[in-house]
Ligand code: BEZ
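Just the one chain here, the form predicted on its own, laid out as C-alpha cells.
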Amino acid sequence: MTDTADSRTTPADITASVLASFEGCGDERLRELMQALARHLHAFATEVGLTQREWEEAVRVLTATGHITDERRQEFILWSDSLGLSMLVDALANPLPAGATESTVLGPFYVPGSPAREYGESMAAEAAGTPAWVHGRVTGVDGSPVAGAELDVWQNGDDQLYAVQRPEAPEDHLRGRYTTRDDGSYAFLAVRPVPYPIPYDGPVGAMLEATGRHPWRPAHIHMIVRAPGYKSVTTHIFDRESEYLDSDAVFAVKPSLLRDFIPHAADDPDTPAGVQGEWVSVENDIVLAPGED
C-alpha cells in the first residue's frame, strides 16, 4: 500500500471507530453513556495532548485506588467527592421545589442498618466530645408536619474519626435512626462535630498534595431523612463557626445548611438527661419535597 496522508489513521478516526463500536448496544441508555464517555475521554486526551507516560501514571493511580479500597474505605468515592463529581451528580439528580431542604454528598463513611433509637437518645457509646442536643421538625413544603419520618444520622467524634474508621470502636457509636413524633418533631443527643480530613494517605491524598489543595472538611453531622410520600434527602448540618466552610475538600457546603451551635452552661435548667458539664444545642428543621424515590 502507498503510505499517503490520506491513508493514515488519524486521532479522529480512532474516536469514530470507538463510537461506532457501541452502535449495536441494545440498551439505549447504556449506548448513550458509553459513547459520551468515550467521546469526552478522547476529547480530554486530545485537548491536553496526553502523553504515554502520563497515561501510564493514570493507570498506576487507578490500580492503587483499587488496592486501597476495602469494606471500610472507598477510595473511588473519595475521587468522586474531591473532584466535585459527587456534588454535581447530586445536583442533577435532585431538583427541588422552593423551600425544600437542600441535599449534599453521602460521603464514604455511611453504614446502613444503624440502630433504631428513642426520641432524645444519645448516639455516643463512649465519650466523644461536647454533647450536642439536636432538635427540630420535619415538615412538607406546605408546612404540614411529617409524622413517622426516619432520620438516619451519623457523625465523627472529637478524634476526627468516624466509628467505621476505628476497628476498636463500638459498632453503633455515633450513629442511629430516629423517628419523628406526630407533630413532626425529633431530637437526639450527638456531639459537636469537628473538622476532619478525608483520608489522604492514598492516591486522592497524593493528588491533593501535588495540586496544592488540603484534605479538610468543615464540621458537620450527616443525615438521611426518609418518609412515605416524600423524596428522601441526604443532607448535612454544618457548624456555622467551623473552619474550612469556604474550602471544603469535597465541595459540599451550601449556605442553607449552616446552623448555629448554641453553647450552654452545665447548670442550664434545660440540660438534657445524662449530660454533665457544658453542652451545645442546634435547631435544624427539615423540609421534604413531595414524591417518591
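What you are looking at is a predicted structure, and each value in this text was computed from that prediction instead of being measured. Start at 1 and count along the sequence shown; that's the residue number.
What comes next is about the form predicted in complex with the ligand, which is not displayed.
For the ligand, considered in the predicted complex: do all three of M123, V153 and R192 come within 4.5 Å of it, counting heavy atoms only? Answer is no for this spot.
Only one of 141-149, 171-179, 102-110, 125-133 gets a heavy atom within 4.5 Å of the ligand in the predicted complex; which is it? Every other range fails; the passing one is 102-110.
Decide whether Y196 counts as a contact residue for the ligand in the predicted complex under a heavy atom distance cut-off of 4.5 Å. Answer yes; at least one heavy atom of Y196 falls within 4.5 Å of the ligand in the predicted complex.
Y162: heavy atom within 4.5 Å of the ligand in the predicted complex? So Y162 counts as contacting the ligand.
Please determine whether V250 contacts the ligand in the predicted complex, using a 4.5 Å cut-off between heavy atoms. Yes - in the predicted complex, heavy atoms of V250 and the ligand come within 4.5 Å of each other.
Taking the ligand as it sits in the predicted complex, is D81 near enough to touch it, meaning that at least one heavy atom pair lies within 4.5 angstroms? Result yes; D81 sits at the interface with the ligand in the predicted complex.
Need the contact residues for 119-141: heavy atom within 4.5 Å of the ligand in the predicted complex, sequence order, or none if there are none. Residues within 4.5 Å: none.
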